[in-house]
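This document opens with one chain alone, in structure tokens, the form predicted on its own.
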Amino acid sequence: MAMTGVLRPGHAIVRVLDLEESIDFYTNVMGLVETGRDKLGRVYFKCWDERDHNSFVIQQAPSAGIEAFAFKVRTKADLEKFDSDLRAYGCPTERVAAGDLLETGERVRFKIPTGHLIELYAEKKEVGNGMSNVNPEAWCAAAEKGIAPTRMDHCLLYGGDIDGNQKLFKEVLGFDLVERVKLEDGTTDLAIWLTTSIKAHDIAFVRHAEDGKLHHVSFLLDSWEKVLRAADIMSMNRVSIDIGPTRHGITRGTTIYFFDPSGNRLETFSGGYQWYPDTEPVTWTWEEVGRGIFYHDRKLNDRFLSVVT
């Protein structure tokens, strides 16, 4: 389909407790490519096959968690329209000057009903993926360092008013509902998966007592074999694994959940299905939520439900 408006997830800004330990983890275990550091102490990374300057930014802070999650829009005109539409909707916005983040244009920042900060931007310097745009090879050396995901794929955020989030993302930003999990009453949504593309999800939300919480940031791998390789690398480096390798019923992707040194949960993800706007949302009932999240185990573990940053 034609890609207009919001194109894709652009970057995650994540708080870490020990910057140097985190740099080592994200460089050598995750295999991300460091692309810069700024005067505020933020460190910038991209995945090897991403072409923009950065998709994952870490900054040292007293507590772990997510500072902001951003989406790239197609044009500066789109950015202006979204800013106007958000304000007309009743959602205050803040303009963040170009250059505040390295090699990134002006951003429109706003707070959604669950208390998370979301950003939109239209411009980010293209630095390429290490291969020529003319007669390229299949992959480059960076694709074999550490886990080496191909892109930062999506995030799952926890907070109270996920109904308000869904309304804003659908009515203002043009996202669509792909899947949902219902609570015991059969009416209230426990969790929702939203997309702005043909992916099964670009962002997801779970209803939670506390606002502004991060469940995980996810990184895409090309295959189930790459997910298994990632598990080996995690074990070699004594990474704390939450669960996996396993498979989701929801989105049908294969997965490992694990933690960075600060306790931020991450995911390596592969597969899933393609979604189009004429597709009906999939609904999971409370009785089958275990199978929906972890298709093989058919049950949830307590840590997956309760540990957030």
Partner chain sequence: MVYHVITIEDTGETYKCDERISVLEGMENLGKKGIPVGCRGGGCGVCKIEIVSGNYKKRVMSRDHVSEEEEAKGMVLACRVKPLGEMTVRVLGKMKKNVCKVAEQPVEV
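Numbering follows the first chain given and starts at 1. Computed from a predicted structure; not experimentally measured.
What comes next is about the form predicted together with the partner chain, which is not displayed.
- For the residues L190, V172, A143, V127, the 4.5 Å heavy atom test against the partner chain in the predicted bound form is passed only by L190.
- Note on the partner interface in the predicted bound form: the residue among G263, P245, G36, G271 having a heavy atom within 4.5 angstroms of the partner chain is G263.
- Contact annotation for L40: none of its heavy atoms lies within 4.5 Å of the partner chain in the predicted bound form.
- A residue is said to contact a partner when one of its heavy atoms sits within 4.5 Å of a partner heavy atom; L183 meets this definition for the partner chain in the predicted bound form.
- Taking non-hydrogen atoms only, A64 approaches the partner chain to within 4.5 angstroms in the predicted bound form.
- Although the partner is absent here, R151 lies well away from the partner chain in the predicted bound form, with no heavy atom inside 4.5 Å.
- Only one of 221 to 229, 73 to 81, 204 to 212, 128 to 136 places residue heavy atoms within 4.5 angstroms of the partner chain in the predicted bound form, namely 204 to 212.
- In the predicted bound form, L17, D18, E21 are the residues of 9 to 25 with at least one heavy atom within 4.5 Å of the partner chain, listed from first to last.
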